[in-house]
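Here's a solo chain for you in structure tokens, the form predicted on its own.
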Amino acid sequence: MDRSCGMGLPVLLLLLLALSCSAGALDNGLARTPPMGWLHWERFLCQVDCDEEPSRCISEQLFMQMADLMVSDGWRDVGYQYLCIDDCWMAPTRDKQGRLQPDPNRFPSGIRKLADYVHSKGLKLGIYADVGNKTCAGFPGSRGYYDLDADTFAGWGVDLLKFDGCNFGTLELLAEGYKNMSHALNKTGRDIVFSCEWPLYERPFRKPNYTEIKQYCNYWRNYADVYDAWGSVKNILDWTSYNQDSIVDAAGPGGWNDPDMLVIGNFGLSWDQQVTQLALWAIMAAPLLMSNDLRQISPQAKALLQNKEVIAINQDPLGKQGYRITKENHFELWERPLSGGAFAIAVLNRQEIGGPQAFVFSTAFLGSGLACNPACSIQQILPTSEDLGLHNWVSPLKVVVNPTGTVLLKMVVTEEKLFDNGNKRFPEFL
């Protein structure tokens, strides 16, 4: 992979190239870092009957409960701010004025009242619609109603729109629909983050133009829906690394690649696999949108999702997406340039049999040789926090990684604790 655009340069040049190498972002001033929040889809879907199972149905009650927990349990304080409704919130038909309306059984107080409640908690509300004639679940789509729907969402106080791509018709209608809704949202005068699935639906037919997509969308889906299963997470990582040459440089402040929801705290991933998903989503500068039940989440999963050091990597203001730099046997090595000349490093063990395995690599292999030049301090962040001390630019580094697990590191270039030897300076190891 050619990482010449911004790789291994001094910080100032790296910042300048980060701007010049990435496509121009949607000019709405939003999503300068990847959005964080909660999304109902993977965990709750929309099949549950509200009369039979009111605690699991998509309803204003569910979202108010989640809003309460996002405040009381510290989610808002670490950065999770968007509470997002997905498909199945609508009534089957528009009203007499052609406007979308919520299902009166699920949202009897209306979306405006829910938005007010969410805002009163210091949170933001997201909602769902579709570029085509119908949503994926068969509810009214937005084709032919882009301006009206944008005005409706703005009037309700919506802060984020997830715009799906089912039933899009032709590729021309697909592209026009996303552009038209982007323009319509901007015309409302309200700050509304725009989440697109444009490249996901376009890619089977032609190569997406990410320069164009980023001009209209704040983040975008490229690949299939995530499932609560290790195989699904693996497939997303494989697709992302295989296609990284075409997607990595598109990401940056204002526009992000979206590998889909975090399923941490559910049923299908082991502890090591949950660590892997969060670590790699942080490396990929992905939106961190949880889909889980915050009423039942385990303390361990909660602590993982609220890990401030991982969140800081994900939210790093440089806004460079990470990438896989090597695959050796069953190990993968990923890196992400961070602000201040630092790097985040992830070592993933893809083996699914046996016990923990050691992986040894040289710091000279990272950041085009500059990640640890002349020296660096290394902090292990996941699966546990540990200070690995000071290393020089050719130090071998050994990590032990559980099967399907990941070790996440942060490397900060430093000249501290160096001693002179003639005209040369060397790190003084701790």
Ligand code: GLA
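None of these values were measured; they are calculated from a predicted model. Numbering starts at 1 and follows the sequence shown.
Another form, the form predicted together with alpha-D-galactopyranose (GLA), is not on view; read the next lines as being about it.
Taken together, the three residues D147, K179 and Y216 all stay farther than 4.5 Å from alpha-D-galactopyranose (GLA) in the predicted bound form, as judged by their closest heavy atom. At the 4.5 Å threshold, heavy atoms of E202 stay clear of alpha-D-galactopyranose (GLA) in the predicted bound form, well away from it.
Among residues of the shown chain, D159 is not one whose heavy atoms approach alpha-D-galactopyranose (GLA) to within 4.5 Å in the predicted bound form. When contacts are judged by a 4.5 Å heavy atom cut-off, D87 counts as touching alpha-D-galactopyranose (GLA) in the predicted bound form. Of the heavy atoms in A312, none are within 4.5 Å of alpha-D-galactopyranose (GLA) in the predicted bound form. For alpha-D-galactopyranose (GLA) in the predicted bound form, the listed stretch (179 to 187, 162 to 170, 89 to 97, 248 to 256) containing residues with heavy atoms inside 4.5 Å is 162 to 170. Of the candidates L174, A137, A154, I297, A137 is the one whose heavy atoms come within 4.5 Å of alpha-D-galactopyranose (GLA) in the predicted bound form; the others do not. Only one of E352, D191, D77, D225 comes within 4.5 Å of alpha-D-galactopyranose (GLA) in the predicted bound form through a heavy atom, and that residue is D225. Looking at 36 to 57, the one residue that comes within 4.5 Å of alpha-D-galactopyranose (GLA) in the predicted bound form, counting any heavy atom, is W41.
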